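Consider the single chain below, provided in structure tokens and representing the form predicted on its own.
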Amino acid sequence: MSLVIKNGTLSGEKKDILIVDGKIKEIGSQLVSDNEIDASGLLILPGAVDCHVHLREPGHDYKEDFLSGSKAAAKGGVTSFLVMPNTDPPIDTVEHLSQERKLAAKSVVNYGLYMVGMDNVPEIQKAKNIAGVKIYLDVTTGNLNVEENLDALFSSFKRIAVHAEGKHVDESILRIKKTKNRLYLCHISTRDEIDFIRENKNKQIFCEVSPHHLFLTSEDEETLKGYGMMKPSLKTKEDQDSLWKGIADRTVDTIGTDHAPHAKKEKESNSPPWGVPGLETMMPLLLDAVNKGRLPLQRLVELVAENPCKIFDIPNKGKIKEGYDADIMLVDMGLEKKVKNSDMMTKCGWSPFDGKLLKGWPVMTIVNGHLVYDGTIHDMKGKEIEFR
């Protein structure tokens, strides 16, 4: 099967892209195929790789599942995501990992799976083809935080992701330096954390920030109420500014959604759970920042595509390059519209950014050479990512 993307803008130049059997075969001009997409006036960008997604399946699939979450991803220009293990039951054994793989098979975008790190090092060492081991050092959804056996857990796999806040960020950095493994610090949210990472960063240590911390502050929580509750919580404008500084000076390596949907009735209850959805809004928020001159386009591509693939050893993704997988988003930088709860594909049906006017939106998403989203979702299947 072949497909040509015609007349799109790639790195400032008008280009055609020929896709054959799911791969980028040629980048040039006057390329032909029986199947064509007219990308006139659109930017061609690599599909986003979201390293931090919660899909609630198994156990809470009324909030989200692999089908609904992957549709939301495709709409948002996300062509691959890495799925967190705090499900019910958690992904803590090879058996549970196998069950999760069966559930993930209905995803319309590419996927990789984490295992959780608890008292389960033998199970981790038996696991095949996982994105990483997620260690919870602070309380969050699922109550999986650990306080013991940490040296063994940090040594258990070559890619360790942590939910760490405050002093746990410092401790995690010191602990990973005892190993040869990589540390992926999820959803960093404060100035003190960013400053410590900047001072202690090396080739083992990587830092993620999330869109809700970049575009919302603790003042917004007063308006959003339960819809603005998350872990880590929203922080001050000073903290937010430090995250943007970290993006500018490359202390920050990736932007990941921490997509964490909950039902409206839960968020409106007296005890709202932590978490907000983000798969559909991450790219529009960041493209709007590009339009406003706050974020260079190439830096955005590094943060959401190139760096995730480098950090997680994902081959042949993250770039528009001959021989690479045809995971592509087409973006209309002039499209201006509001985020609307009624437009959400996520099963939870809401966004903390409801009503926000943004300029710059993904309008088509191609996964493995197939057009998956162009205003509607087409029934194509993603593939499990093969990690190096």
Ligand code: DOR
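From a predicted model like this one, the values you see are computed outputs, not experimental measurements. Quick note: we count residues from 1 along the sequence shown, nothing fancier.
Beyond what is shown, the protein has a form predicted in complex with the named molecule; the following relates to that form.
- Of the candidates 254, 281, 110, 140, 140 is the one whose heavy atoms come within 4.5 Å of the named molecule in the predicted complex; the others do not.
- Checking 231, 175, 182, 317 against the named molecule in the predicted complex, a heavy atom within 4.5 Å turns up for just one residue: 231.
- Of the stretches 282-290, 301-309, 257-265, 220-228, only 257-265 has residues with a heavy atom within 4.5 Å of the named molecule in the predicted complex.
- The named molecule is not shown here, and in the predicted complex it never comes within 4.5 Å of any heavy atom of residue 75.
- At a distance threshold of 4.5 angstroms between non-hydrogen atoms, residue 274 is in contact with the named molecule in the predicted complex.
- In the predicted complex, at least one heavy atom of residue 187 sits within 4.5 Å of the named molecule.
- Put simply, residue 86 is close to the named molecule in the predicted complex: some heavy atom of it is within 4.5 Å.
- Residue 163 is the only one in 153-169 with at least one heavy atom within 4.5 Å of the named molecule in the predicted complex.
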